[in-house]
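Take a look at this single chain in structure tokens; it is the form predicted alone.
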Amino acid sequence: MIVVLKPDTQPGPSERAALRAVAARYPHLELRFHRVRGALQDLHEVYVFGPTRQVPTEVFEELPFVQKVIRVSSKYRIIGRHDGQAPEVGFEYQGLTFSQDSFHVFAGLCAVDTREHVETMMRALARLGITTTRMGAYKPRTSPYDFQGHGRACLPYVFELAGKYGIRVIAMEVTHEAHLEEIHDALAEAGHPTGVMVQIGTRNAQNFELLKHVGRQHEFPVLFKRGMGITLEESLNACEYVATNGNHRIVFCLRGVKTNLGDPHRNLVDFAQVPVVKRQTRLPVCIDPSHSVGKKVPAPDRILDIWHAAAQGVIAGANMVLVDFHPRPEKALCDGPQAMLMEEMEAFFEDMRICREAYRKRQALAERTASALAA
């Protein structure tokens, strides 16, 4: 059950006390308060957990500051899209908006290897006016003998260079709760020159203790990558773990699923599910064409498979692209074969602009068609 407060109503001590007094009439109910950032205004919702089937909606609706009460039918109680809720939500971080209507490209190093390469990457992004990137400091690998990332040792110069080149947000994977503390400390020591969106990688998609931990902290938003070998429903339920622990600033990332049916690509590209995630939830949706395709090969039209896959996701409405570049892919310590060259960066961003513009035109066409059918 979701209790939607009237617009511009702040749930202060008196409102919270009144809501808890109603909930106390029924056994085993728990209230959780959530601020919803809408396109035009902020709303406040109260999630009522427990045996709510026998609770009449009127007992909450009678409160003068309550706008309406929604009974939840979707399995995704917090991240789900429910009839009667504000249709568009999102969050702001470091001056950037992340929602189902925004668009960002996080281009960067899959794994940080040298300071020189980090600076080359950030300098190129700054030249193109891009303020978002990916930088892998902690790298879980299939083989214990592969490069595992420099960890906290590289954080000082990554954050320093981000400040130097105006990078506002860095997507960075974490594999343990201690990594959050290391990032927090390194940002503080550097004077907070940038922000970090912590990434839950596909190998940790069902690491429920880690999900709970990133949910309990509110400093960093979360980029959650779909599990490589689990269903979409299982992955969205994993996001619900983050949300139920208090952190609602989540971006859901499609990165391909592990099956030989996708050969010769590294994974079976699942970007057709961009609109599915946007329909079932209110989360912004990211795509990762680099890890979906896994190799830098061109089609006969001279367009790289990675570009084609990215275009499929963006033209379907993706809100964010996570993609690998490297100054010297042949010397990369992780996933070099899929990294694009710096010389290809400007063209890739132009291609993404074209695809985003095409999506906007498709969106406008659909709205005109729907209006004509309703007339």
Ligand code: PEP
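Keep in mind it's a predicted model, so treat the numbers as computed, not measured. One-based numbering along the sequence shown.
Beyond what is shown, the protein has a form predicted in complex with phosphoenolpyruvate; the following relates to that form.
For the candidate spot formed by Lys139, Gln199 and His291, every residue has a non-hydrogen atom within 4.5 angstroms of phosphoenolpyruvate in the model of the complex. Residue heavy atoms within 4.5 Å of phosphoenolpyruvate in the model of the complex occur in exactly one stretch of 89-97, 200-208, 123-131, 277-285, and that stretch is 200-208. Using a 4.5 angstroms threshold between heavy atoms, Ile170 stays clear of phosphoenolpyruvate in the model of the complex. Proximity of Ile306 to phosphoenolpyruvate in the model of the complex falls outside the 4.5 Å heavy atom cutoff. The closest non-hydrogen atom of Val158 lies beyond 4.5 Å of phosphoenolpyruvate in the model of the complex.
Looking at Cys110, you'd find a heavy atom of it within 4.5 angstroms of phosphoenolpyruvate in the model of the complex. Although phosphoenolpyruvate is not shown here, in the model of the complex the stretch 309-326 places heavy atoms of just one residue, Leu322, within 4.5 Å of it.
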